[in-house]
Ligand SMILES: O=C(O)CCC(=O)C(=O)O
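Form predicted on its own, single chain, as structure tokens, below.
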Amino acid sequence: MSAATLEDDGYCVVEGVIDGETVAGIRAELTRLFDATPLGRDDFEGHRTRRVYALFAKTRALDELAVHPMVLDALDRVLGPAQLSAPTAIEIGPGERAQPLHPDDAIYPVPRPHPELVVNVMWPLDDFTKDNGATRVVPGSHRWIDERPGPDAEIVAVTMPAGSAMLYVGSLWHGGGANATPRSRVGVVLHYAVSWLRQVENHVLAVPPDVVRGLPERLQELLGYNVYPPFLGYVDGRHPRRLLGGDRATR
């Protein structure tokens, strides 16, 4: 991964991170979940798009991606202590229109410029093309303060093969593309935020404790069973992992 590209452009793509067999297995598992998921409710979610929330309550297929060493390294360098915030599986259906451009950190009332609060990793499970809804980005827009993309803004459709990983910071203007093909386009975006912010999705409620107990320790931490140093997030003065039967405490 090019740290310089991520810093300069606000995003970067690394190809060949997961192999074809792994991609096929994850895609098959998500197909089951998409079949039970309604279409989106508005222009942002997409009226011909399905979005699976509470992913780590519903499948174990993404556990290794969430704690991939490349991802954890990027989180450490860009955010420091981090947590999963809004992981979502996305199936953009045929005929879907382009999603409005937006920065993911806009939900937080923090004036720009500010240190990065969010890092996203998009995992394409299909080849992303300009025609089937590849994520669109405005390179360098993570450095903007009050600007919004105008009619002359440079908008790039990030094409990449399945099995790649696209990392982008939360201050970058971006959005899903339109799908002009007869086939759905599937990807998973794992959205991380610094640990002192509230998570977009409340994973402590969404993922049952009995499920969390069986997960790797690092994934437990990313789901919220952790503290932001020195003690933000403790439970009864102790490390929240004690609720899962762990023996480590911070106080």
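Start at 1 with the first residue shown and count on from there. Keep in mind the model is a prediction, meaning the values are calculated, not measured.
Not pictured, yet referred to below: the form predicted in complex with the ligand.
This chain is displayed alone, yet in the model of the complex one of 83, 99, 141, 179 has a heavy atom within 4.5 Å of the ligand; that residue is 99. With the partner omitted here, the residue from 163, 149, 175, 93 that has a non-hydrogen atom within 4.5 angstroms of the ligand in the model of the complex is 175.
The candidate stretches are 84-92, 111-119, 67-75, 149-157, and the one lying within 4.5 Å of the ligand in the model of the complex by heavy atoms is 84-92. For residue 44, a non-hydrogen atom is located within 4.5 Å of the ligand in the model of the complex, even though that partner is not displayed.
Among residues of the shown chain, residue 27 is not one whose heavy atoms approach the ligand to within 4.5 Å in the model of the complex.
Although the partner is absent here, residue 48 lies well away from the ligand in the model of the complex, with no heavy atom inside 4.5 Å. Residue contact with the ligand in the model of the complex: residue 185 places a heavy atom within 4.5 Å of it. Site residues 195, 221 and 234 are none of them in contact with the ligand in the model of the complex, judged by any heavy atom within 4.5 Å.
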